[in-house]
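Take a look at the C-alpha cells below, where one protein chain is shown in two forms, each on its own, as structure 1 and structure 2.
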Structure 1
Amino acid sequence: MKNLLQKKSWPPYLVGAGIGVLSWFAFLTADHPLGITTAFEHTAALLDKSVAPAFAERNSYFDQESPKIGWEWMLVVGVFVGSFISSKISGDRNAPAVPPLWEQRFGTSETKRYIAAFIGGMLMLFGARIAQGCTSGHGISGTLQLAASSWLFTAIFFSTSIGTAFLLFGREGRKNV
C-alpha cells in the first residue's frame, strides 16, 4: 500500500475505474452522487446568513434550499486531505505558483496568475450553480446515470473550454504542453 502511494501517478484508466467504483460506494452508503459545488453554495449561503441576516431573510433562496454542513461538505474537505496525503507521500508538491504553460504566454507575474485564477474560479462556480453541477456532479455522476442534462452540460462546457484554451494559448502554446 505504501509503495503504491509513493508513486507519483497511477495509470489514468485505473484511476477512472477507481472513481467509478467510488461512485457505487457513494450511492450505496450515502445515497449521494459524488459532487463538489453544492458544498461551496451552502458555505456561501451560511456566510450570507450570518453576515447579513436581514438581507438573507428577504432572499427566496432560503425558502428553496436549506444549506448545511453535510456529507458533501466533508467530501470536499476529504478531497483536500486525500490529495495532501497522496502528494506528501510521493513528494509531488513542488509545483510553482505560476504554471510553466501560463508563464510562457502571460509572463512570470504571480499576481496576474492569481487574479486570473480568482476570476476563472468565480465564473466557473457561478456556472456550476446555475447548471446545478460541475465536472463531478454532472460530468461524472450525472453522465453515469445517463442524465440528459448532464450529457448536454458536459458537451457544452468541454467545447467552451477547448475554444477558450485555443483563444488563450493558440497553436503556438499547444507546443508547450
Structure 2
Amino acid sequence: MKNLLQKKSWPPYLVGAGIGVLSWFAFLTADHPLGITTAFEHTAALLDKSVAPAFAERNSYFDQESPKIGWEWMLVVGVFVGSFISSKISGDRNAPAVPPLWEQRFGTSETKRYIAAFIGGMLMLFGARIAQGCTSGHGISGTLQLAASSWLFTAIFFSTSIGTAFLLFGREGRKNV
C-alpha cells in the first residue's frame, strides 16, 4: 500500500477531518476563521497606500482596517507551497496546459486557456469580496459555525459552479473526451 503522502488523491472524509482540525487551530491560535480573500484585499490596500498615499489617507477603508501581511497571507503562501510539495511527493504534476475537455470546446491555445483562467479567478475574487467571504471563509469556517449566510453562500457557489460547467462544456462534454 502506498504511503498516504504519495497518493494522488485522498479520501474525502480524511480531507474533511483535516480541514476541520485546521479550522480549530485557526480559531485557537488566531481567534479568527479561515479565509483567503482578505489577504488580497490587504495587498490591494497596501499597494494603494504605497502608490497613492494621499488617496489612501482620505480612504475610509483605512479607518476600519489596518492592512498588513499577516496570517491570511501566510495561508495563501501555504496553499501554493503545500500544493507544490504535494505534487512533487505524489508525482501528480503531469496535467496538460490545455486539458482535453477545454481543447475540445475552445481549441488548443494555451494563451486563451490562461487568460480564461485568470479572468475566472478575478471574477471569483470579486464575487467573494461582494459576499464578504470566499469558499474557505464561508464554505468552511462559516458552515462550521452554522452561519445561515454561509450555508446559503455555499449552496449558491456550488449551484453556480455546476451551472457554469454545463454552460462552458455542455451536458455531454465529458463523454466525448
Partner chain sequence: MFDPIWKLALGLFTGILFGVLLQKGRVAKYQVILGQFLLKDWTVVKIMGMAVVVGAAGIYALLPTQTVSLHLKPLAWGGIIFGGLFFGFGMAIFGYCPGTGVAACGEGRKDAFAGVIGMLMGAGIYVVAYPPLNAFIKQFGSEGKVTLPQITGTTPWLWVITLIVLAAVFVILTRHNRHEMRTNR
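For numbering, take structure 1's sequence and count from 1. Owing to the predicted nature of the structure, the values given are computational and were not obtained by experimental measurement. Take the two forms, superpose them, and find the largest set of C-alpha atoms that agree within 1.5 Å; that set is the rigid core.
Practice item. Pick out the form predicted alone: structure 1 or structure 2. Key: Looking at both, the form predicted alone is number 2.
Check your understanding: If we fit on the core, is the Cα of A116 displaced 2 Å or more between structure 1 and structure 2?
Key -> No; A116 is a residue whose C-alpha shifts by less than 2 Å between structure 1 and structure 2 when the cores are overlaid.
**Study point:** Core-aligned CA displacement of I69 at least 2 Å between structure 1 and structure 2
**Key:** No, the C-alpha position differs by under 2 Å between structure 1 and structure 2.
Review point. By the 2 angstroms cut-off, has the C-alpha of F126 moved between structure 1 and structure 2 once the rigid core is superposed?
Key: Comparing the forms between structure 1 and structure 2, which are aligned on their rigid core, F126 does not shift its C-alpha by 2 Å or more.
Review point. So if we fit the rigid core, how much does the CA of A56 shift between structure 1 and structure 2, in Å?
Key: A shift of 3.0 Å at the C-alpha.
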